[in-house]
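Take a look at this single chain in structure tokens; it is the form predicted on its own.
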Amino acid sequence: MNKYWHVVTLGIQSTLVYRVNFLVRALFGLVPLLALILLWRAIFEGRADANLGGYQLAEVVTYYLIVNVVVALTAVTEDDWQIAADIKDGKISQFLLKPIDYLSYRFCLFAAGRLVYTAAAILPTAAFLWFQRDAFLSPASGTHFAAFLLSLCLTALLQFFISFTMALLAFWVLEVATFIFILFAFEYMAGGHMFPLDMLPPTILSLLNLTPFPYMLYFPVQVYLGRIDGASLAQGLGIQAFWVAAAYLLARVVWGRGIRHYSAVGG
């Protein structure tokens, strides 16, 4: 484990170079969030106690605020592009000759990047939450907050494994950008970025729940809000853990097939 801890340390040192970029990205990321909150405040204007789509104003505002927190802590940024570049440029060869697991290596770099990004984004995000404190709800209970933290960890793993697998398509295709953008579009629409998924018709929501996308964002936010509890909470965490395990196994299978297909020439 020492070598992977060393990778995390090197990843933090390398990523710290971009700390100002992360701070600026976090600041500008709050602009569309503010626009969404102002839009919903306008919708609820004059009827603050109204119930739209099963949500009151405070729940809607809290939903988008927690979405921003979950994205900051779990989203994959440049990792998939870097993995694809390693394969295209032949840099992957050095890992095949050393006693290091490439998936674990990349996960250490992903974790390091999230730590640095969180450190850079924590002040502007905390300030934004403070200014929205009139409509920001605390966790439904201590149990829900603990389940939210667990779900947050599973979300990060799911995000990483799916992005890792998508990047491995570089073993077979020259450019993976199209596939990555398609995945991002599905995740953005079916993961609950735009609006809470339970505002959709029940049939569509049931179909979406058969995919991993709601568990990449929507589910942990719902846990925080306390809209999932009891047996449904345990079942949801179990399903999320299942998708994490399935994504991990898929990543391993695709990696194994990709390595057999991979060839490097030159020196």
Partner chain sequence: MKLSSHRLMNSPTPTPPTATPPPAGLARYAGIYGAFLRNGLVREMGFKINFLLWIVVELLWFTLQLVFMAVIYRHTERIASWTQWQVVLLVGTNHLIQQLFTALFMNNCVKLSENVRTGMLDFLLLMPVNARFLISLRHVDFGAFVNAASAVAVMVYAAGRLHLTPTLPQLAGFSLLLLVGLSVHYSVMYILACISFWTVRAQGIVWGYYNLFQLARLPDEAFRGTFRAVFTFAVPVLLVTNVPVKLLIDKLSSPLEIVWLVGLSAAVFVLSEVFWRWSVRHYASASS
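Not measured: the values here are computed from a predicted model. Residue numbers count along the first chain shown, from 1.
Heads up, the form predicted in complex with its partner chain isn't pictured, but that's what we're talking about next.
Contact test in the predicted complex: residue 182 vs its partner chain, heavy atoms, 4.5 Å: Yes - in the predicted complex, heavy atoms of residue 182 and its partner chain come within 4.5 Å of each other.
Contact of residue 177 with its partner chain in the predicted complex (heavy atom, 4.5 Å): Flag for residue 177 set to yes.
Residue 25 within 4.5 Å of its partner chain in the predicted complex, heavy atoms: Result yes; residue 25 sits at the interface with its partner chain in the predicted complex.
is_contact(residue 95, its partner chain) in the predicted complex, heavy atom dist at most 4.5 Å: Close contact is absent here: in the predicted complex, residue 95 is far from its partner chain, nothing within 4.5 Å, heavy atoms only.
Its partner chain: the contacting residue among 207, 241, 34, 234 in the predicted complex [heavy atom, 4.5 Å]: None of the other options qualify; the answer is 34.
Residue stretch of 139 to 147, 106 to 114, 185 to 193, 164 to 172 approaching its partner chain in the predicted complex, non-hydrogen atom distance within 4.5 Å: Heavy-atom contact with the partner occurs in 185 to 193.
Stretch 212 to 242: residues contacting its partner chain in the predicted complex, 4.5 Å heavy atom cut-off: Result: empty, none.
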